[in-house]
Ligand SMILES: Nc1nc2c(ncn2[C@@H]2O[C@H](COP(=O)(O)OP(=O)(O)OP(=O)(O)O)[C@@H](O)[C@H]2O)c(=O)[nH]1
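Next up is one chain by itself, shown in structure tokens, the form predicted alone.
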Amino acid sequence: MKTAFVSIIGRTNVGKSTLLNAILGEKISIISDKPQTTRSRIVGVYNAQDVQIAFLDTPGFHRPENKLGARMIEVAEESIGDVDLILFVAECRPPAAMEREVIKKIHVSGLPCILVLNKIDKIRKDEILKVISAYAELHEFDSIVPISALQRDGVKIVLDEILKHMEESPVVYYPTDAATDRSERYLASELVREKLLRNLREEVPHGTAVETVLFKDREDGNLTEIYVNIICERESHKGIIIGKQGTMLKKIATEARGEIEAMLGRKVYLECRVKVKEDWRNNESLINEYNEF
């Protein structure tokens, strides 16, 4: 059996979670067009014959504006450590200051690293080689793979490159039928948060968290009851989340319930309530309460 631990790192909103979901062939990390979608580290497990790869999907590097952001950076930096390989995901464009900072951290780690240049569907083909050249001057990557994670173009090449770095192991670290280390309870709350990110605008979605207060299967096994609290930072945000006559909250709950039912393979009763916790993103105890780092 060959195994490997692979950390997926990069700045926010470059497609790390989209790449992970594409490799696994199922959705275990939420995605949105908003930066800082991923808040905590989540393990996605790829299982094939005689192969197991544990991917660590991490928060994106960014300039933190609150204690939650600072904690997310800590989680991202900790992931550049006790792994076998780093996947450094960046948009296919010349490296900016943030990418250069991340490359310095990779260099210090001494770990093998594959550079994944994502979103090649948004750049002219003749520009891709220029971007590859610019990155190659900054670090001696083990390989550089241009891809479009959204279109799954080049994803198999990334997987093939990872397989080159795998070593034999006497044990497997996760059950061979597991796709993630996270519970269904956690994944359900994340799907609700994803719908908040996708449906809300401006600062509102970034100031939300989802707390699951009840996750219970009925005795007949045909229905799961889920009760969640949606946490926001201001009374005005609460009104936006609920919407006129409750329309926005209903839309968010309906979309989330559909995906949760698909994930669980059974009917779901989902109830969402909105609560205000002023400036919770700067409160250490609330940050720990609402996030599983």
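These numbers were taken from a predicted model, which means no experiment stands behind them. In case it trips you up, residue 1 is the first one in the sequence shown, and so on.
Unshown form predicted in complex with the named molecule; subsequent notes refer to it.
- Only one of 58-66, 235-243, 45-53, 248-256 places residue heavy atoms within 4.5 angstroms of the named molecule in the model of the complex, namely 58-66.
- In the model of the complex, at least one heavy atom of N118 sits within 4.5 Å of a heavy atom of the named molecule.
- Contact check for K216: every heavy atom lies farther than 4.5 Å from the named molecule in the model of the complex.
- In the model of the complex, T38 approaches the named molecule with a heavy atom inside 4.5 Å.
- In the model of the complex, L150 approaches the named molecule with a heavy atom inside 4.5 Å.
- Taking K122, K104, K130, K156 one by one, only a single residue has any non-hydrogen atom within 4.5 Å of the named molecule in the model of the complex, and it is K122.
- Shown without its partner, the chain has R11, T12, N13, V14, G15, K16, S17, T18 in segment 1-24 as residues with a non-hydrogen atom within 4.5 angstroms of the named molecule in the model of the complex.
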